[in-house]
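First comes one chain, alone, set out as structure tokens in the form predicted alone.
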Amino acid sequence: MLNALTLTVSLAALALAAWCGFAAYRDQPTKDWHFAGMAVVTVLALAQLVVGVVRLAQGDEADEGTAIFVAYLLGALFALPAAGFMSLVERSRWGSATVAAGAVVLAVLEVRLHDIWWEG
């Protein structure tokens, strides 16, 4: 995996978590700009999925197994869209809090993906 891409996805997810967490603190629901931020972070997660699958197709192997690695890649891809959908259902401050939590989950998944793939 590309360490720079993993770090970029993690930092973008944490920035989104802070942004949506601040909106929840201010008693605001998710707004269009939050969804744009979720789209950017999701595209980064999609790029990471593509890079991971290409690396696997080239014959590289994850330290802890291919199945667990692909499962984490898919979980990372769908974490924010799932949180975004739930925030549409809950149009209150808790929708923003849900997106913030989903973004933190994505950042944690990124750390775990790095551990699973470790090239050290």
Partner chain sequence: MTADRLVKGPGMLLVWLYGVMSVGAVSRSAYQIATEFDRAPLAYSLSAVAAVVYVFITYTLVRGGETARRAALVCCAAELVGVLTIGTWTVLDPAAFPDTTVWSEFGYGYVFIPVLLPVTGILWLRRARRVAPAA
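Residue numbers count along the first chain shown, from 1. In this text the structure is predicted, and so the values were computed from the model without any measurement.
One more form of this protein exists, namely the form predicted together with the partner chain; it is left out here, but the text below deals with it.
Stretch-level contact check against the partner chain in the predicted complex with heavy atoms at 4.5 Å: of 38-46, 54-62, 25-33, 88-96, the positive one is 88-96. Contact annotation: residue 73 falls outside 4.5 Å of the partner chain in the predicted complex, judged by heavy atom distances. In the predicted complex, at least one heavy atom of residue 67 sits within 4.5 Å of a heavy atom of the partner chain. Contact check for residue 107: no non-hydrogen atom falls within 4.5 Å of the partner chain in the predicted complex. With a 4.5 Å cutoff on heavy atoms, residue 101 counts as touching the partner chain in the predicted complex.
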